[in-house]
Each structure stands twice: as structure tokens, then as C-alpha cells.
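One chain comes next, on its own, written out as C-alpha cells in the form predicted alone.
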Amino acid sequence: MTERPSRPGGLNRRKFLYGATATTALAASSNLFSPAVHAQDPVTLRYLGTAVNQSAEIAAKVKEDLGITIEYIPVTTDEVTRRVVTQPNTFDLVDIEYMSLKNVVPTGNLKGMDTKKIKESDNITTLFTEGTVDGKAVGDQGTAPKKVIWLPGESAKTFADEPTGFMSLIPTVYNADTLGIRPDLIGRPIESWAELLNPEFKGKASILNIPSIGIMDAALVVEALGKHKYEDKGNMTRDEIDLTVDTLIEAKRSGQFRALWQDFNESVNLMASGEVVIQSMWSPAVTAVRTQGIPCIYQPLKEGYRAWAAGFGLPATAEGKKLDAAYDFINWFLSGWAGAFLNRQGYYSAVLSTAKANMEPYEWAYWMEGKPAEQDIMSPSGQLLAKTGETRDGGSYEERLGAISCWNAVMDENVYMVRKWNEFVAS
């Protein structure tokens, strides 16, 4: 019998039993739900990660609330993984993608996160803990968080199959990616990933040139074209990699792609200029095009979305005041202000209830319930994102996240895949 949560991010029976045990233990400890204010004993946390969560506003707010100074170390996704594996003493907190955990956890360089020290651990969305949205299972091809979120213990180098009280990462932000389109230049409905290689858009299409992610988008296209059905798009065989890359090379040689993009600004400029009308895209890039007054849609597609997720991890060497401060910061991050800040940027937060409490009802209705905006929707920096009456692309949280097809992943054949991808780029 399938256990169903009572609400998104809520409890089911198994989580309730575990949570009750954890709460009993917690009651015997002191001050875990009341983060210390560090103003009298200043502490700086070196925060390693990509730029997604590294905002000056978040750093300023946690400094104001807890007295913790955040020192950002912004690097690329691949560099985050490399630093954790080779230089684990150069950061106090890491914000890393779940897809990287299969390379990182076996090194023993991350400390299992004790959920008894995380106030909202029982309220983390079931998308992470169980792979469900509103009680329904979503696609789990690739590195779905539910496969790698639990560890057997604090010093574990392997993953656990069920809740243990130790998480590999505490989720920070996640989203579901799809194609971005220029509706004013296309002039008809777009419903499938197959459209990326439609000759109708010859010379006006683009794909993300980050191998581990671009290959997933290409696989969604190959399946949509009916050329192949993958057992797991996030862990292809060599034959499947060959088929996927050969499809891209054939399209590139026929002139399908205007460009291959690697940088956020590249994707924005290609769409804003109209040089490209359909491409792999990230949600904030669509927003950036729209803020220029240019029509751009983050297009829901019948085959579903490619999802990604990131979370906070701790170095195995963390201890003392730094370790306490890191847990305080993570508890603060999940308490709502940061979640609301991220939701207003078009991302999703780990604990929906606390984010909701920090948003206006009309904001929650637009961003999370898929309802028409009751008034203009503004970004955290004050830019107009949607006018009154507009709705979010893809609809509600349940509609978007419930349509996940696969997750970003690092394949067993990653080295071979990157070599083949480079052949595509050079073709």
C-alpha cells in the first residue's frame, strides 16, 4: 500500500514515526530551534557554490538576523565538485548539486547532516525525501534526490535506501527546465521537445553546451522524435550516447543551430536579439528576456521537464563554532525569508510552508498556485516580471514539478560521453 503525504512537503506515517523519535531527542537538547546570534562572537562562513544562491541580499539578511558573515566563493558546477574532492578544507559550507553526490560522497569529504539539528527537516518537500508531488511519483531517471539524500551515518561513504536521520545535503533550491521560445517569432503552438530539431527553425535553434546537461536535453529530443526509448536518460550506454550525439551532429551539420551556449547571458542575448527562437533555457534567463519587454515563454512540453536540485553540505572536518554557525545558517535559510526570496526569482524552496508565510497571498497564488496575478509581480530587485492578469508558465507547483521526466545526472560513462560531446561541438 502506498503511503500518501497529507500535503506537499507534509508528513506521511513513516516520516511521522521517525519525526516523533527525533523530536523526543530534540526536546532533551538545548537551543537547537533558537539559532544563536553571533554578533558578540563573530564568525565567518566560507560558502562554496555556484552563483544561484549567492546573493548579496541573503548575506546581508543573515548578517542582520544572526550576526554571521557569509564569504561567498563563486565557482562553476564542475569546480564545486573538484574543490570538495581535492580541497575539502577550503570551505565551511558547500552548496552543491545532487547530481554530484555520486562523485563526492564516496570520498568521505562530506559530513552527514544530522536532521535532529534541522528544525524543518520533517517539512522538507516530499519531492526530495520520497520523489513525490502531491502524493504522486514523478520521473526519477538520472540522479533524483530521493536516491542520494539519505546516508547511513555522519561519516558514511555510501547512500541509504530509507530515512536514517542523516542527510547528504539539506536542499536549498531546485527547478524544472524546459525549452524557451519566442512566441512572437514562431507564431504557432509548441508542444514537444522534438521541435528543437524541426527544420522549420533551421539556423534559429540553440542547445546548452554543458555536456552533462545538454546530453539530457538531447535525449528528450531523441525520445520525442521516436528514434529511441532510453531505460535511463541519466545513465546511458555507450551505444545510446553514440545515437544521441550522432543525432546532434547531423542537425549541426545541416545548419540547425545558430549557436551553442554555455553562459547565462549568452542565452539571454540570443533570444532577446531574435537570432534564436527556440533553445534550451533556464527560468531566470526567460525572466531576463521578459524584463526587456520582449515576449519569451518557458514552454511546458508534453514529454515533461528536466529537473535539477542543489543543497547545503558540510565538510567532514567541520567542528566547533564553525559547525554550530553552519547549522544556525541552514536553519535560518529554511525558516522562510530566503525561501520566499528564491520563489520570487522563479526557483522553488525546500520548505514550502515557511516560504508561504513570508510571501504575500497574491505572490503565492501567482508563483505556486498558477493563478492569474492579482497585481503586478515584481522581482526581489523591483523589476516588473508579470503584469496583472498574467499566469506563470507551466502553472502551479504541482503541475510543473509533477511533470518531471528526468534529473540532471553524472553518468557511469561520463568520460566517454564528454569525449563524444566534444566531437559534436567540433563538428
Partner chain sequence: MTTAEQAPEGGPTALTGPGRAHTALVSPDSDAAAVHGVKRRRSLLDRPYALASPLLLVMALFFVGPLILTIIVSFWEYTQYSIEPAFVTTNYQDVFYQCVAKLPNLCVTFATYLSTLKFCFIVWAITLVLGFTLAWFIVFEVKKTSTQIALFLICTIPFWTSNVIRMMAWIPLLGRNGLVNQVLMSMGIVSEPQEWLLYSDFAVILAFIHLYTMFMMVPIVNSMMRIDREIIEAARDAGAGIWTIALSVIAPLCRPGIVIGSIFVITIVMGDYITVGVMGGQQIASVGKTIQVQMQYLQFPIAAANAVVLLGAVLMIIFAMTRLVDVRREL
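Numbering follows the first chain given and starts at 1. Fair warning: this is a prediction, and the values are worked out from it, not measured in the lab.
Although it is not shown, the form predicted together with the partner chain is what the next lines describe.
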The partner chain contact in the predicted bound form: Ser335, any heavy atom under 4.5 Å: no
The partner chain contact at Ser212 in the predicted bound form, heavy atom, 4.5 Å: yes
Proximity of Asp324 to the partner chain in the predicted bound form, heavy atoms at 4.5 Å: no
Residue contact check: Thr81 to the partner chain in the predicted bound form, 4.5 Å heavy atom: yes
The single option of Thr90, Asn103, Asn198, Gln292 touching the partner chain in the predicted bound form, heavy atom within 4.5 Å: Asn103
Single option in Phe257, Phe341, Tyr298, Trp150 placed near the partner chain in the predicted bound form, where near means a heavy atom within 4.5 Å: Phe257
Interface stretch in the predicted bound form with the partner chain - options 188-196, 301-309, 139-147, 82-90, non-hydrogen atom within 4.5 Å: 82-90
Residues Gln262, Gly274 and Val410 all lining the partner chain in the predicted bound form, heavy atom within 4.5 Å: yes
